[in-house]
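The chain that follows stands alone, in the form predicted on its own, written as structure tokens.
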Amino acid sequence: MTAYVVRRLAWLPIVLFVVSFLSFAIMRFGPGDPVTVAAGQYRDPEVLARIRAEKGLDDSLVIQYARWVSAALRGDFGDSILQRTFTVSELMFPKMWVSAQLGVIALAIVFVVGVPLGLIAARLNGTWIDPFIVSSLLFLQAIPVLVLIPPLLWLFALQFRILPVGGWGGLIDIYWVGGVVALPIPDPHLYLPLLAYTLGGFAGVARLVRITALEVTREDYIRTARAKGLSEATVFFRHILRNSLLPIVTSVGLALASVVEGAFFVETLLGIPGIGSFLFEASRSRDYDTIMATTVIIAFVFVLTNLIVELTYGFIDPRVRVQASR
């Protein structure tokens, strides 16, 4: 198992190199540059050419990339064009922390709700409840985030006026009872983005759990457990649920991808100062250093998450450890 982990870790720098180089090349070969964007209506060719030379944008692609890698390995991701008085690190990591808080909560909600729904659908297979659960979740999954957010805003912010239209206030808010007792409650700014994140994510987890549970139900050891007189609850939670964990672990990576994908739209439309809206603004402004830093960090998170998921296989299913050691 140790050799398997070492081999997987050896692929990490290769993947990051491929992702960073392709991203770097695509941005450099695209139309325009950050100097032109930052200049605005100022169009003195000599001044712009001098600024490009100072920033090294006239060098070859390989030299520019080598310079960026050398600085990134020292923890220097450059300066932001969006806010010139700050470095990319000073702007990026606080915004990543905001997105991480929303993402972790959204993932927890998706699995806390999706896994029981999948088990219920499998348990009631053959009744009307099974297709009702699956079709309802597929309907929610089919609604794009861009289409889902406006009716949520109209309903909860404009009609009922119980939620703010956007922004970010942290995770916890203080509700005062009679002006004397302070009760910590979830911040109202959390509900709309979490609804947008999670409504479409329940279907994938629930369907995977349902299919896996139905396959496990047909195994011989399940029939043997029932023949021994074990209760349905014992059979379901001790045998069916436990042996359905491996595909559930796989869906963690898929759910993480969907959350990151939705972050670009949700954070931009709801005014959340997260990494999604930050990267969207950086792309519009051709902020090379910001785009490169966020792309590499997100790729690192994906690769590391997949590695953790694969290692978790070995703790759940001993057959994976044996195969990995071979």
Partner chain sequence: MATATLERSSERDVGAGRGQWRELWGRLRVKKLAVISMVLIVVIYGSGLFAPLLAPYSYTDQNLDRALEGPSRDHWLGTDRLGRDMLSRAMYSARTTLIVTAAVLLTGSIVLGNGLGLLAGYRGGWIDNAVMRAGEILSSLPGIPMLILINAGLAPRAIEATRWIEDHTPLTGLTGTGFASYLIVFAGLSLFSWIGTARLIRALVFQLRERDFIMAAEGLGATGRRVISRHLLPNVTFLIVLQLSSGLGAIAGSEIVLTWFGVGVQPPAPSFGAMLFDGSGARTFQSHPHILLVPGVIVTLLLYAFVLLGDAVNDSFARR
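Residue numbers count along the first chain shown, from 1. These numbers come from a predicted model, not from an experiment.
Note that the form predicted together with the partner chain isn't included here; everything after this is about it.
Trainee: Looking at A71, V112, L230, L158 here, can you tell me which has any non-hydrogen atom within 4.5 angstroms of the partner chain in the predicted complex?
Mentor: Of the listed residues, the single hit is L158.
Trainee: Can you pick out, from D76, D173, E90, E215, the residue that has a heavy atom within 4.5 Å of the partner chain in the predicted complex?
Mentor: Checking each option against the partner chain in the predicted complex, the one that comes within 4.5 Å is E215.
Trainee: Spot the stretch among 200 to 208, 234 to 242, 174 to 182, 119 to 127 with residues whose non-hydrogen atoms come within 4.5 Å of the partner chain in the predicted complex.
Mentor: Going by heavy atoms within 4.5 Å, the stretch is 200 to 208.
Trainee: Look at the candidate spot formed by V18, S23 and F29 and say whether the partner chain comes within 4.5 Å of a heavy atom in all three of them in the predicted complex.
Mentor: Answer is yes for this spot.
Trainee: Can you check whether F264 is within 4.5 Å of the partner chain in the predicted complex, heavy atom basis?
Mentor: F264: yes, in contact with the partner chain in the predicted complex.
Trainee: With a 4.5 Å heavy atom cut-off, would you call Q64 a contact of the partner chain in the predicted complex?
Mentor: So Q64 does not count as contacting the partner chain.
Trainee: Can R286 be called a contact residue for the partner chain in the predicted complex at 4.5 Å between heavy atoms?
Mentor: Output for R286 is yes: heavy atoms within 4.5 Å of the partner chain.
Trainee: Quick check on L153: any heavy atom within 4.5 Å of the partner chain in the predicted complex?
Mentor: Yes, contact at 4.5 Å.
Trainee: If you look in the predicted complex, which residues in 138 to 169 sit within 4.5 Å of the partner chain (heavy atoms)?
Mentor: Read in sequence order, the residues that approach the partner chain (within 4.5 Å, in the predicted complex) are L138, F139, A142, I143, P144, L146, V147, P150, P151, L153, W154, L158, Q159.
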